[in-house]
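The data below hold one chain only, encoded as structure tokens and taken in the form predicted on its own.
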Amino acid sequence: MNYSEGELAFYPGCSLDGLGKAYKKSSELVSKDLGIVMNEIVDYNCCGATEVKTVSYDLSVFLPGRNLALAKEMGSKAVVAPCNGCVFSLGRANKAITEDEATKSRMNEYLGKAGAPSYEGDVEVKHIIEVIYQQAGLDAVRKRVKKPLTGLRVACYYGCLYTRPKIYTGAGSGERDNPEHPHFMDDLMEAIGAETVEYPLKTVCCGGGHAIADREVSVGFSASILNEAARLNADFVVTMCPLGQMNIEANIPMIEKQYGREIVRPVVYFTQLMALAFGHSRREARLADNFSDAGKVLHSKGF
């Protein structure tokens, strides 16, 4: 489904105004270049990510529900989020509100007390990669390329929450990505001239909250993601989720110490590489914001 101007609301979430700033800025560049107009939700709040539901069911629905209600008030038909965790939370809230009248009633009572409009669960939730893929399309991406990334080998890492669980993400239905073998990011990378490797770990968990609760587990997950990319001789691991990006990059010092430098690959957002291919500078794509050093590899490849 294509949306008209004013029908897409952009929800950056907590991370894109913090450590994920590079993802936000490169997403804005790419969206503008492709003619995708999104209006940021005013006064948005944290969606609760995946942790709040272990504390309070109602709060885990209310927090994302408020963002959806604000988007509806703006006249939007869909909320676009770049974070897998946010898409999960927003989609889960939608399902709870539309399928259970008691939950909807409680949520609207809470929304009223918070000064927000009521909400019926009728705003669609989309990941930004789906909007780029469907709203603009691969042909438009190819036409926009000014500096094809020929010679770059990339391992596309989608993360575990992009298509799971299907009841919230809608994966496999309509215009959504394949739940078992997602390909939207691979197709976009190939459209800008990069070579994608057949990456079997594209939907494994990055360790998520284990980065805080159990660092060793988190390091192990991240090391396996990088090691497989190195085995396949990829130049980059390309991500589409700020949690996955941060988890892997933050673990690199420990990975180097435990597993060796040879398995480490720079980690970049897919929108950063698209911005480069569209003619923007490394500075505009905010590559210096990343913890891993993408610049050295890009320089060695002539970019």
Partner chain sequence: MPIHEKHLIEKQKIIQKDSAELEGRDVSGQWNIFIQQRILSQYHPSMADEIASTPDGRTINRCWQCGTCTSGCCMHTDFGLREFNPRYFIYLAKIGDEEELKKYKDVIWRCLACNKCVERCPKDVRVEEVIHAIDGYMRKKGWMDDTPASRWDDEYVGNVLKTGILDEIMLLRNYIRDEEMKEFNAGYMMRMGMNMLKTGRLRTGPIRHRTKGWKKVRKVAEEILEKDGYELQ
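Since the model is a prediction, treat every value here as computed from it, not as a measurement. Positions refer to the first chain, counted from 1.
The protein also exists as the form predicted in complex with the partner chain; that form is not presented, and the subsequent description refers to it.
Heavy atoms within 4.5 Å of the partner chain in the model of the complex map, among the stretches 167-175, 148-156, 133-141, 226-234, onto 167-175 alone. The shortest heavy atom separation between residue 73 and the partner chain in the model of the complex exceeds 4.5 Å. With a 4.5 Å cutoff on heavy atoms, residue 265 does not count as touching the partner chain in the model of the complex; it lies far away. Not displayed here, the partner chain is approached by residue 253 to within 4.5 Å at the level of heavy atoms in the model of the complex. In the model of the complex, residue 45 approaches the partner chain with a heavy atom inside 4.5 Å. Remark: all three candidate residues (59, 62 and 161) come within 4.5 Å of the partner chain in the model of the complex, counting heavy atoms only. In the model of the complex, the partner chain lies within 4.5 angstroms of at least one heavy atom of each of the following residues of 276-303: 286, 288, 289, 290, 291, in sequence order.
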